[in-house]
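Two forms of a single protein chain come next, each set out by itself as structure tokens; they are called structure 1 and structure 2.
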Structure 1
């Protein structure tokens, strides 16, 4: 197992009048190469959990194991920050350099790498997110579209060569084409071996990509499994303040009305194909 959270709890400002329990008794195992969607209503603890995974926060209770070593005991948290890359929500707001290449190069340069190695990482990282070096390197990041800015921000994290990529609401605020471009990029990174964790409030467009969904509510993991199994619990998810993907809701309603459809794949095209096949059977 790549990462394991064992009975992890976290409290903000403990032993003060503002003490707030954010996470309670979290047990979560993450295998190498997984693509996980982490969802939950606002205030459920999603952002706290990923900050713990990236060691920006340290558990109040419990322990986190990375490749068999306990963080903070067997391995320094600073090492984990190089292994686990966290892309914050609206990461494009953190872009600051005059050119795309300089922005992506910021992290590797801070590692003290040679300019030759920095240049190689910039080229590789931009290529990994589908941005051609020759076309984008000398452009101002502020002249790019919303989706392109987000891809540059992701490239900046990839230039640090992390083992795990965590993205907090990676498609928020983007138009359809921007969302599609970013999600396809992330999916390709996972297909090439990157372990990916995506934080989301709802899974309408993400559900078809992930292998597994973990649901947080009031600081606890309440569901964890394959997307089709998690999203089949429509009433429960709605009770805790979440919506299910529209494709799932439609297929479930058709099945309840006697149509022979299965909720196997959550993408739009598979759903259309399943509906057309079911209608022909009728």
Structure 2
């Protein structure tokens, strides 16, 4: 096991009138090489959870074990921050340098890499997210459009080549190509061994990529399993404010109208075959 959250709770501003319990008794194990989708309604604790994993927040109760060592006890959180890269929900909270190139270079520079290697990584990761180096390198990150800012923030973390990559709603605000490019890029990184955790609202976009989905509701993990098992809980998910992929919704609705379809498949092609067969049968 790569990371293990053991009985972790987190309270914002404990012992004040504004005290807010955000996570409660979380037990979550993450294996090397997994690609996990973390979903949950507004305020359910997703951003808090990923900030705990990247040690930006420290549990108020329980412990987090990284490669067998307890964070804060056996191992310094600063070491974890080099291993775990987090792309924030709002890119503005991450950008700070005067130029895009400097911003993206910050992470790799901090890892003590040579300037040559840093430059290579900057070009590489800007390319992966679809920002042409010549056009963007010298621009100020603060004068970019919303989606461009997000792409720079993603590139900055990619350039660190972290052991664990965590992205908090990375595709929100990106256009069709941006979403496709970013998802394909992290999928490839995952295929090459990187552990990836992605927080998302749009099930359609991530269902096909992730091999596991964990669902948070009111600070607790309420479902955790393979996407097709989790998304088969359509009523429960709707109940807590979530959605299922559109293919699943369609198959369900067709089944309710008397079509003979199974709601097993998440991807586009299996869904198409299932619908075609059912329509012919009718």
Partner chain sequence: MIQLNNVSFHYGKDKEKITALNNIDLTINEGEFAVILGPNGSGKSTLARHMNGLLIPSQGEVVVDGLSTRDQDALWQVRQKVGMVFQNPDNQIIATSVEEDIAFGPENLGLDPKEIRKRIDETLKIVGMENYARHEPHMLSGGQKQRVAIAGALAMRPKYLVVDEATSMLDPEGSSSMLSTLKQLNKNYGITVVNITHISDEVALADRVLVLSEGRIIKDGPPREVFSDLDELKAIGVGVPKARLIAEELIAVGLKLPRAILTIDELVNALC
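Since we're looking at a predicted model, the values are computed, not measured. Basically, rigid core = biggest C-alpha set you can superpose within 1.5 Å across the two forms. Positions refer to the first chain, counted from 1.
K.L.:
Of these two copies of the chain, point out the form predicted together with its partner chain.
P.N.:
It is the second structure that is the form predicted together with its partner chain.
K.L.:
Any CA movement of 2 Å or more for residue 255 between structures 1 and 2, core superposed?
P.N.:
After core superposition, the C-alpha of residue 255 moves 2 Å or more between structures 1 and 2.
K.L.:
With both forms fit on the core, has residue 6 moved 2 Å or more by CA between structures 1 and 2?
P.N.:
No, residue 6 moves less than 2 Å.
K.L.:
Relative to the superposed rigid core, does residue 77 relocate between structures 1 and 2 - that is, does its Cα move 2 Å or more?
P.N.:
It does not, since the residue 77 C-alpha is displaced less than 2 Å between structures 1 and 2 after the core fit.
K.L.:
Residue 99: how big is its Cα shift between structures 1 and 2, in Å, with the core superposed?
P.N.:
Here the C-alpha difference is 5.8 Å.
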